[in-house]
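To begin, one chain is listed below as structure tokens, in the form predicted alone.
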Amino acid sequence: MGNSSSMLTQYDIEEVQQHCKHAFTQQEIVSLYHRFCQLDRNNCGFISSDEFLSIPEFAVNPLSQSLLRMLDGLNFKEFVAFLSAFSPRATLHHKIQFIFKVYDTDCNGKVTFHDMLRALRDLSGSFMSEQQREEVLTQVLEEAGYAKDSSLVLSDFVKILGNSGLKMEVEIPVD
């Protein structure tokens, strides 16, 4: 499973579907497999950072560098698991876990003010000064009941975003 010379078996599809907690239908998994094979230009069963950057929408995403840290070297099963956070069938908790991983740039299970500031810098570009970013972020943290020097863990993200009506969805074209 994972290179374009092989085909997905029914067992593979069911295994991937179970791995991604049924966030995708079997037909969507087959479509994702075809897209994965297109991206895997070296037919090695993994997608490199360069191959991800060949997707124009990904290359211009302001968080692409943070996402690349999570993406480099994914096999097909991991690729689908990564994308499952964007499925309309993904739970809110799953989506929040994904966002937490994007912000936790050093993978230590904690998100600091500087981690959040880095993401805000990526998202705002030159539209905000560094001072404005720090002020906005400090205010948001204080409104959520946290100090600037707090380190947030996943349960904090769940508390903050748990009632937000968060939407992170992409449409998977089905051939």
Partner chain sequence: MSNTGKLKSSSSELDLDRPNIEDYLPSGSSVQHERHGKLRLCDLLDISPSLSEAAGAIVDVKSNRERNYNVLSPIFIFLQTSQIGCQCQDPLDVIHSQGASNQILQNLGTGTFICFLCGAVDLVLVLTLGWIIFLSSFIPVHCLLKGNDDLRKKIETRKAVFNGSERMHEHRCLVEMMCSFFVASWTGVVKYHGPRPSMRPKQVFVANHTSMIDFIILEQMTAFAVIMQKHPGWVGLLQSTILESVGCIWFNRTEAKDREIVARKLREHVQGANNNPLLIFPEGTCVNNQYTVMFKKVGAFELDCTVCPVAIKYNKIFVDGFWNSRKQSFTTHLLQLMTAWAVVCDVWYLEPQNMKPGETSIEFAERVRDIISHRAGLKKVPWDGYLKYSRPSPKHREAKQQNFAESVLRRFEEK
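Note that the structure is a prediction, hence the values are computed from the model and not measured. Numbering follows the first chain given and starts at 1.
Absent from the display: the form predicted in complex with the partner chain. The rest refers to it.
Chemist: Find out whether any non-hydrogen atom of F113 is located within 4.5 angstroms of the partner chain in the model of the complex, and reply yes or no.
Modeler: So F113 does not count as contacting the partner chain.
Chemist: Given that the partner chain is not shown alongside this chain, does Q132 nevertheless sit within 4.5 Å of it in the model of the complex, heavy atom to heavy atom?
Modeler: Q132: yes, in contact with the partner chain in the model of the complex.
Chemist: Report whether the minimum heavy atom distance between T9 and the partner chain in the model of the complex is within 4.5 Å.
Modeler: Contact with the partner chain, no.
Chemist: Under a 4.5 Å heavy atom criterion, is G109 part of the interface with the partner chain in the model of the complex?
Modeler: Contact check for G109: no, nothing within 4.5 Å of the partner chain in the model of the complex.
Chemist: Looking in the model of the complex, is the partner chain within 4.5 Å of a heavy atom from each of V80, A90 and A147?
Modeler: No, because V80, A90 and A147 lack any heavy atom that approaches the partner chain to within 4.5 Å in the model of the complex.
Chemist: Can you list, in sequence order, the residues from 24-40 that come within 4.5 Å of the partner chain in the model of the complex, counting heavy atoms only?
Modeler: The stretch touches the partner through L32, H34, R35, Q38, L39.
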